[in-house]
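Structure 1 and structure 2 below are two forms of the same protein chain, each written out on its own as structure tokens.
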Structure 1
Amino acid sequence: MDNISSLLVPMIITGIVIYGAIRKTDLFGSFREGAAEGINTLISVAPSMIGLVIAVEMLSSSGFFEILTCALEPVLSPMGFPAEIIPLGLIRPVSGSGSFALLSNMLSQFGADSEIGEIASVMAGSTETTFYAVAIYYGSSGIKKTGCTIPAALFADFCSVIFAVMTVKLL
């Protein structure tokens, strides 16, 4: 698997740049425009990100996650399910900045290349912030009755946690 992923990124970048050149796109101008948007996005998330990193660091240093993990471990570990990832699973559908603040804390605590670090990365990378999308899309179109949207979306989020554990353990 390692060889595939180390080839993927250069392949995607080279492919896009060559296609852009064939279609006579202003390559570097487009890159700069996109990169500027990236910087603006980072600046716009900076206040909430800093606020949430502070809260996550406080929570982490207080021993809160250890207590939670100890409480959940007897139930989860017989199934081969790491209890450490539960806080991330809970915050992922609710807050994007919060889950990335927590992911960053977990990556430095357990190691980015550890099994828990990889499971946490896959979890964070494989779904969107459910409640944000629901609020923004239904809010903008004046929909009040959302039917089975939230149960179905949370079911998908729940599945992504299970699949994150499975794919990291099996691949």
Structure 2
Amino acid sequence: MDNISSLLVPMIITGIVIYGAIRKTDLFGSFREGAAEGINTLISVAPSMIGLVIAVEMLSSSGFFEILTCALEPVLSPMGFPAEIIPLGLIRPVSGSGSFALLSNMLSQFGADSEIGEIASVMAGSTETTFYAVAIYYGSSGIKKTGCTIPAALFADFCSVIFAVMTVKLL
């Protein structure tokens, strides 16, 4: 299996070169055009990404997520939501890397087979980094008004969190 995976990339590149030669395509010219287009996309997306990263760091450093967790815990705990998963539900729409770091800590602290570990895993797999996705896709497309996208996506994330808890508790 290791041999196959180490040969896969060279085989794909060789296949592309052979296909381009058969079709008489200027492969290097196509590569240059694609690279230039990628750089243009990066330049158009960079301001949105920089703003998002700064906002996430400001919220995390200020203790906003901890304050919100403390405020939501008395409301959500009686409904069966473990207090330990609240931070993951709050951070996931904002930061993918932050939420996966939190998930990793939760899995090492509580175990992957614990109820909290299972809920956190289902939640991480069924929610989206909403603000990141909107920043990337809308930023690269030049769309300035998000309309109902963010509220609808956050509602979907909220439903995913609820159903993650319900699914693990019922099954």
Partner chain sequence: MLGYIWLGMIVSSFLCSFFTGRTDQVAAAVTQGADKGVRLLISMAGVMCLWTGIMKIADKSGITGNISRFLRPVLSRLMPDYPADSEAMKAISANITANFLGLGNAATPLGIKAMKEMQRNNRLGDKANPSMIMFVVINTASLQLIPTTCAALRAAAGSTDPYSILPQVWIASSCALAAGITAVKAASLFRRRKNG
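Only the largest set of C-alpha atoms that superpose within 1.5 Å between the two forms is called the rigid core. This is a predicted model, so every value here is computed, not measured. Along the sequence of structure 1, residues get numbers from 1 upward.
Quiz prompt | Of the two forms shown alone, the one predicted on its own | solution = Answer 2, the form predicted on its own.
Self-check item: C-alpha of residue 72 moved at least 2 Å between structure 1 and structure 2 on rigid core
Solution: Yes; that C-alpha moves by at least 2 Å between structure 1 and structure 2.
Quiz item: By the 2 angstroms cut-off, has the C-alpha of residue 19 moved between structure 1 and structure 2 once the rigid core is superposed?
Solution: Yes: residue 19 shifts by at least 2 Å between structure 1 and structure 2.
Quiz item: Any chance the CA of residue 52 moves 2 angstroms or more between structure 1 and structure 2, core superposed?
Solution: Shift at residue 52: 2 Å or more after core fit.
Quiz item: After superposition on the rigid core, what is the displacement of the C-alpha atom of residue 40 between structure 1 and structure 2, in Å?
Solution: Residue 40 is displaced by 21.5 Å at its C-alpha.
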